[in-house]
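A lone chain, given as structure tokens: the form predicted on its own.
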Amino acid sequence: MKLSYNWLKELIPNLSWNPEQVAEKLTMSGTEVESLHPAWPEPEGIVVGHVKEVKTHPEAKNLKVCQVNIGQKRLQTVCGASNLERGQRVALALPGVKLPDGLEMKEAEIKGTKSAGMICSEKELGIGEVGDIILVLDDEFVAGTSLAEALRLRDSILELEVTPNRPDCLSHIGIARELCALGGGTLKLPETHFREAGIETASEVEVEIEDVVGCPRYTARVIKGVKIRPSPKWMALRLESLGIRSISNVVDITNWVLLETGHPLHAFDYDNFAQRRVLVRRAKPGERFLTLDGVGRTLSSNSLLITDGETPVAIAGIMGGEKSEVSGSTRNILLESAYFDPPTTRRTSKELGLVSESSYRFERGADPENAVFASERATRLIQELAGGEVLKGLVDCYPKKVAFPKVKLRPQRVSTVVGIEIPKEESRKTRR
């Protein structure tokens, strides 16, 4: 599992340990850190530029001569990118900078016109694969700001070996709790507040669970009028540094919350549901389903399905289907946050040869009490980044309460093992 050090710092604002110390503390406590490396290349001298003027090169119609504001001064640079326009914020490599591919920036003359520095693409910066067009930044970025600062590129990635008995460590919040228990600071959970409006969610969706063993809990929330677009670059880059490809704002948010809380979510295009209904049932032997990866799969009665009351829309806890996937035309979404039985998830995953970030967590044991928090966190981010009207309330179908095991603890035994006397009241206070 990959972790962002910056993300841990956001969850523990008073964390004083550097990445190397965090790695050592976790390894010594039993959660081994296998590697530690920078998230992205961080060449100095790449800044945010504001394109103030664009003219066609006098000697080459396929080139443009730009005046770029970098804070205290303007630079003239020649660029051939087809998507360059006046008013854009761009990434400008200043003279003297060496890019990740080894190319060194120098002042030069291009067909008789002076050019200082270079407006860069994602590929040239080492932060993506797109190389035929320049990287266009958000308008909020201030000219002259370091690109590393604007896009939060200065980060360290920790790769952990998490044992199967520690599913609580499969998230940034889970590892942040570990660090706090080791004396690293105080945990600050992310914001979950959002605005609700319109009608009650319960009037828009009905949830029925036929198999309460395979799915003890299912929550649903409806958000109308969202705008699907690319995620902010800081979100996309953080996800990609952790091994998850950026797709769109809503899909990225479900992945973001999975990495943050450890609880998998799924967003459906609700307009593609045949009914205003969610039915969780077992598959019929031989039933076919087309998953998001474009593969048609034959299911057995071991597989648990999420359906719209008629047809499947997802294999529970593993992968959604093409029919209800969020796309650029999506306007209304159903947000799922549920708890699926670990043995059921694992059997289906093995049977189909299909492993996902969701199945990896559900088959090890997610926290059923975390479903509502994860839903609220995702809803806040969706409202912030995709807009939309969040309907009132949450449909929470929880027919079979998951009982947590009770572990008896003898205070005297604790003192014997630890080697110091710990009062009973202190044990009670710190039991979690």
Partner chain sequence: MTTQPPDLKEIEKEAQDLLGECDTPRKLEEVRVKLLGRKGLITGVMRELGRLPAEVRPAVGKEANLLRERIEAALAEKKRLTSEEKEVSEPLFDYTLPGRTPWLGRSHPITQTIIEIEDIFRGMGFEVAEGPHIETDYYNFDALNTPEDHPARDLSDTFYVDKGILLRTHTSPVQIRVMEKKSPPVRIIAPGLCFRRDTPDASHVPNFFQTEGLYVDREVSVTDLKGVITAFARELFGPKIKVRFRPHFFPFTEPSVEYDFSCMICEGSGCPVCKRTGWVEISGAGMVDPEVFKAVGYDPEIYTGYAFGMGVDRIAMIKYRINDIRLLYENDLRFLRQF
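Positions refer to the first chain, counted from 1. Superpose the two forms; the largest set of C-alphas matching within 1.5 Å is the rigid core. Bear in mind that the values here come from a model prediction, so they are computed numbers and not experimental data.
Missing here is the form predicted together with the partner chain; even so, the following discussion is about that form.
May I ask whether L189, E191 and S356 all come within 4.5 angstroms of the partner chain in the predicted bound form, judged by heavy atoms?
-> No: no residue has a heavy atom within 4.5 Å of the partner.
With the partner chain left out here, work out from 61-69, 383-391, 370-378, 28-36 which stretch has heavy atoms within 4.5 Å of it in the predicted bound form.
-> Correct option: 28-36.
Proximity to the partner chain in the predicted bound form, single hit among E161, E109, E210, E200 (heavy atom within 4.5 Å) = Looking at the other structure, the residue within range turns out to be E161.
Could you spot which one of G96, P343, G183, P230 gets a heavy atom to within 4.5 Å of the partner chain in the predicted bound form?
-> The residue from G96, P343, G183, P230 that makes the contact is P343.
Looking in the predicted bound form, any heavy atom of N165 within 4.5 Å of the partner chain?
-> Residue-level check for N165: yes, a contact with the partner chain.
Contact label in the predicted bound form: R347 to the partner chain, heavy atom within 4.5 Å | The answer is yes: R347 has a heavy atom within 4.5 Å of the partner chain.
Could you tell me if R410 has a non-hydrogen atom within 4.5 Å of the partner chain in the predicted bound form?
-> Looking in the predicted bound form, residue contacts with the partner chain include R410, since a heavy atom lies within 4.5 Å.
So in the predicted bound form, does R364 come within 4.5 Å of the partner chain, heavy atom to heavy atom?
-> R364 belongs to the contact set for the partner chain.
Can you tell me which residues in 392-426 come within 4.5 angstroms of the partner chain in the predicted bound form, by heavy atoms?
-> Counting only heavy atoms within 4.5 Å of the partner chain in the predicted bound form, the contacting residues of 392-426 are R410, R413, T416, V417, V418, G419, I420.
Look at V414 and decide if its Cα position differs by 2 Å or more between the shown form and the other one after superposing on the rigid core.
-> Yes.
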